[in-house]
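Taking the form predicted alone, here's one chain by itself in structure tokens.
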């Protein structure tokens, strides 16, 4: 067996392992059989464990062979005319670290959730969705083209909305899950149009053919400055929605309605960083577009300021952590826009690991905080009051009101994203009911 073939099999197994676990759990439920919690938890943990081993082995093989990247062709899914959807994976300095991060954190969440959601009615449903989410993240990060990345991007968006609405017996999770889904639906158009335009202008969406020469973060692009700017602006629009940046940040605190493990893996670690990952992959395109790079820096700075301000008035620990995540992702956006891509990758991985730990420890942290206050006999002193000392009292009151209203972003999202999408969904629901009544012979 050649080294290329072995590395290709290992890389493919990283994505296939969580998909296989998802298929097994789904088939068992499809045939009306129930699974033991322990069995489903171990199956999911084994899937991501195999992913960790496959990622490390692939990286070692490439290192031994002295190669910077490996392209894996898995065949053509379908073709129509001159277009062919080729399933291609790209393993390099950018994708392999993120794949390792994704498999390790997903496996950690699976092990944690086996105890955290013990005897919860939706335990098996959570494990099934976690497998599908992990497969989506791995597809985005290992994708060798914008086509494959879009497929994984959609899987991540779907599982995000379903896990926000995990506790469906209450109304609030359902409403907030629809909010998350609506924002994703609007912003995903950016990545879809990116793939369409690149196919039209370059004839291919393959990274290896579009982003020419040199190992990441090097390389160039065959697109001109104008076309590269159009593509980067669309990618930025998609990334702003997925990573909860200004002005589309209002859905992130609403997404905290989901279980704590899903909040950790989605909005502390992986999902919220996918926008930054796609921008890192499109580095040569950003080099061709000073306008898009400048806009990326501006969005990051505005989001960091907004999230820092709003996060200071949060009384819920998960919402406070959500805004802290938003701040750090915004700084990563600034680093990408300024061209510090290795720094952005290291920052991304370190922040994902730290924020996952903080989310998982949030319930224990609150308990320990109250114990410490009881032991001391008074509330702990607030920190970070230096900001208030720099502003007059009137400005402080105005900023406090603005922070409580979360910068009025909820209103913007409701008018421009949520209402239009929900209107279309309600119209389709009415048409479906009318069709069912007509087929049943009722007026």
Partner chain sequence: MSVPWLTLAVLLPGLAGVLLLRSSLAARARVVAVVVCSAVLFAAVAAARAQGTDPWLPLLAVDALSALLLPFVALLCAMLVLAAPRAWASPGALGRLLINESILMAAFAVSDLRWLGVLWIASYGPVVHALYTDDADRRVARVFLLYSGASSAAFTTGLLLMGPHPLADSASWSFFVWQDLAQPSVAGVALVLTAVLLRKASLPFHSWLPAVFDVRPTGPVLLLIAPMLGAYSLVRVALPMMRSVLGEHVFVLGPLSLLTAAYAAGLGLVQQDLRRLCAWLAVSQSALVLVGLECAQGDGLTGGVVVWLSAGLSLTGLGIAAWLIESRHGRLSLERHHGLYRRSPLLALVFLLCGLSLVGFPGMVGFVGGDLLLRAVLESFPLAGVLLFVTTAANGFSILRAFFRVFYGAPQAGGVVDLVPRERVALLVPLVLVLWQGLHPAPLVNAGAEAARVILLRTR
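Numbering follows the first chain given and starts at 1. Rigid core here is just the name for the largest C-alpha set that superposes within 1.5 Å across the two forms. These numbers were taken from a predicted model, which means no experiment stands behind them.
In what follows, reference is made to the form predicted in complex with the partner chain, a form of this protein that is not presented.
Residues with any non-hydrogen atom within 4.5 angstroms of the partner chain in the model of the complex fall in just one of 169 to 177, 284 to 292, 88 to 96, 225 to 233: 169 to 177. Interface membership of residue 71, defined by any non-hydrogen atom within 4.5 Å of the partner chain in the model of the complex, is ruled out. In the model of the complex, residue 147 approaches the partner chain with a heavy atom inside 4.5 Å.
Although the partner is absent from this view, residue 237 stays clear of the partner chain in the model of the complex, with no non-hydrogen atom inside 4.5 angstroms. Although the partner is absent here, residue 155 is a contact residue: one of its heavy atoms lies within 4.5 angstroms of the partner chain in the model of the complex.
Though the partner chain is absent from this view, in the model of the complex it lies within 4.5 Å of a heavy atom of just one residue from 248, 211, 299, 182, which is 182. Interface residues of 66 to 84, taken as those with a heavy atom within 4.5 Å of the partner chain in the model of the complex (partner not displayed): 77, 78, 79, 80, 81, 82, 83, in sequence order.
When two forms of a protein are overlaid on their rigid core, residues whose CA moves 2 Å or more are considered shifted, and residue 425 is one of them between the shown form and the other one.
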